[in-house]
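Next up: a single chain in structure tokens, the form predicted on its own.
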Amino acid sequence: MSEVVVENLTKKFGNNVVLDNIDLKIDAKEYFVLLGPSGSGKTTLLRLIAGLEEITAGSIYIAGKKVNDMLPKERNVAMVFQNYALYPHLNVYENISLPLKVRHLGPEKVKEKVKTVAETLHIEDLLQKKPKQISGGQQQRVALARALVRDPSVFLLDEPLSNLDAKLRVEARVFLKKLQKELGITTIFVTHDQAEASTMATKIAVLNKGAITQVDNPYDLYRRPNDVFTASFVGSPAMNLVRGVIRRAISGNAWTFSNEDISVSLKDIKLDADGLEVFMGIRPEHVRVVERGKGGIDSTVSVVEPLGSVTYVTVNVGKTQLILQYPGEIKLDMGSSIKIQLDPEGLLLYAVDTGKRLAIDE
């Protein structure tokens, strides 16, 4: 089975540490996404797995074999780059068949494999055309076909959707997810787009400054991010993070989070954290508009962003700013006053000094 294991992997360019002691296990047939901002090390990690960069320290295993000293062609991996890297002077058939000709396969076998992969990707009518004669979405499928025709054990995708327009990106996401499920190839996909990551992946690794901050399924990654960086990077709009202090009541188990603008009751906290300075994290969908006369926190509308199915509203509570998600349409004027409520089930706490999430209920 084609699982990929990375152990204590470090990559330096001169004195610059790009990846710092990375450990990662990618199961066979998994659709695994490396997610992070530019410069986080995700593409470098992909290139190390492919054998396109030299490892500084650590080990990489593919299907149980250590591949540190193997050439790229010996690892049985296939990579699709951001720019597709199609040869403009070759037609689609010639581009797809090139890896097979390099392996010296016979003409009939080459023809058979190209025909099969072209039909799988629905590009059989493009085989005689040059890359400049087809659309960006079609070029992407040709690049995928050229990779898949090799029957790789591992499929590596380096931001392959970034050159497509918004509509094609959505279509391509659906297509790639279905294709990977049908073929069952272990797939590692690099992106900085968290919407791409969450809609496609079975599991996501978030990278920041050469380190992995969290590896999780999309749902748990969104609901319970491990640290402040992950909380602010995953989700659009990002999680609200409000700085303040948590305190325990003089008697009983009641706790509150407060700063100069907000005071929020918390559920029981099962740790010694009285007086701890924290970030309170809450997703926009857990900040709710409350009808007049039903309590709530006074706030002032700053920005209204109607998106049809939902409306995002930025409000100010004193100097504290929050974004809320309203289901459907709501007509609000900038500068108007509304009441809001924070859902206690959606509250997370992060220590200011470490940035790590507090396990308050464990």
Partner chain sequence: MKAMTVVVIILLTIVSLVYIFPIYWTLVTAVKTSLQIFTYPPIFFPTRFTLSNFYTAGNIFGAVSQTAVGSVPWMIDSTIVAIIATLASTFLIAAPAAYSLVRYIKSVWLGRLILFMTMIPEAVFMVPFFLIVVKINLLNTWWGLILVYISFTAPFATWLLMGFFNDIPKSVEEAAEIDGLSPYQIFYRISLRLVIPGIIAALILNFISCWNELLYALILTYSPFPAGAQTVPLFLTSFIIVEKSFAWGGLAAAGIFTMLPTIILGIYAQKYLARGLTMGAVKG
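Numbering follows the first chain given and starts at 1. Small disclaimer: the values here were computed from a predicted structure and weren't measured.
Note that the form predicted together with its partner chain isn't included here; everything after this is about it.
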| query | finding |
| --- | --- |
| Contact residue in the predicted complex, chosen from Lys181, Lys111, Lys267, Arg103 - any heavy atom within 4.5 Å of its partner chain | Arg103 |
| Contacting member of Ser236, Gln128, Ser263, Asn83, with respect to its partner chain in the predicted complex [4.5 Å, heavy atom] | Asn83 |
| Heavy atom of Met79 within 4.5 Å of its partner chain in the predicted complex | yes |
| Arg150 within 4.5 Å of its partner chain in the predicted complex, heavy atoms | yes |
| In the predicted complex, Val317 touching its partner chain (heavy atom, 4.5 Å) | no |
| is_contact(Arg283, its partner chain) in the predicted complex, heavy atom dist at most 4.5 Å | no |
| Region of this chain that lies against its partner chain in the predicted complex, out of 88-96, 216-224, 115-123, 202-210 [heavy atom, 4.5 Å] | 88-96 |
| Sequence-ordered list of residues in 203-228 near its partner chain in the predicted complex, where near means a heavy atom within 4.5 Å | none |
